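Only one chain comes next, encoded as structure tokens, the form predicted on its own.
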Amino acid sequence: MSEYDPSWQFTRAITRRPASSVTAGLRGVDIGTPDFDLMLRHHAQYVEALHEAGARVIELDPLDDFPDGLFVEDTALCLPEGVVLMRPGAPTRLGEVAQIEPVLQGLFDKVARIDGPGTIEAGDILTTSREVLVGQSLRTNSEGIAELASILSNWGHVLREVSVPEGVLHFKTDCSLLDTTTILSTERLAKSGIFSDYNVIFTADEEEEAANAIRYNDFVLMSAGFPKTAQRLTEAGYHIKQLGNSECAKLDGGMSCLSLRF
């Protein structure tokens, strides 16, 4: 294995089982109500894939009062130096942070938080070995990014603010880290040149949803149903594992949304 890189080499993960209320979760476009039983099966497969990748997984109980609570990534940014508690841009999700805070307090010595009034969700944050990229989106604004930049500067991290294409919910909806120097991205996101210092593998035409994947140690976990993009990753030498995500996708959820990794 290459030199240790904490942006994709991990030992732990936190997930939260879906609550039955998930059918009322937020969505940008209504493409149907999630099948709860199928979502539970997909989620169990996701957790098993993390185990296979080498993770010790903490599985949290469902939150009936928070339909989007299974998307734990948005609540916190986990770094080797500590964890930063986010301030979600969707009002119905603000309370999720308090629910996960005690767990993170027990795992990290240093805990910082975004106090506001700005908002920021970690679905808009891509951490690489050289910088922390943050996309301004409908859920993450300039004030939230500025507050995070202040925290991270004290931890020795460089933050770079970037733009998210119109109609895209989160920055990482359209990109993922594949290794220390390589990004998986849609062409619509990369055309601005934001990844000019990285190697880029593009998602195939009409497979933009494949862009949200996870590099966890030796595995790339990606949503099933995107064969051309899967072939590109396999040909590039990545060990991919394709997982069902059809029901979370109805709530704009992808692979990274479902876990915190550190």
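Position 1 is the first residue in the sequence shown; the rest follow in order. Quantities reported herein were computed from a predicted structural model and do not represent experimental measurements.
There is another form of the same protein, the form predicted in complex with ligand CIR; it is not shown, and what comes next is about it.
In terms of contact with ligand CIR in the predicted complex, the residue from 26, 224, 236, 57 that brings a heavy atom within 4.5 Å is 26.
Across the options 70-78, 157-165, 183-191, 99-107, residues that bring heavy atoms within 4.5 Å of ligand CIR in the predicted complex belong to 70-78. Against ligand CIR in the predicted complex, the set 83, 87 and 151 makes no contact: no member has a heavy atom within 4.5 Å. Though the partner is left out of this view, residue 135 does not reach within 4.5 Å of ligand CIR in the predicted complex, counting heavy atoms only. Contact check for residue 18: every heavy atom lies farther than 4.5 Å from ligand CIR in the predicted complex. With a 4.5 Å cutoff on heavy atoms, residue 260 does not count as touching ligand CIR in the predicted complex; it lies far away.
When ligand CIR is considered in the predicted complex, residue 13 lies well away from it, no heavy atom lying within 4.5 Å.
In the predicted complex, the residues of 232-254 lying within 4.5 Å of ligand CIR by at least one heavy atom are, in order, 251, 252, 253.
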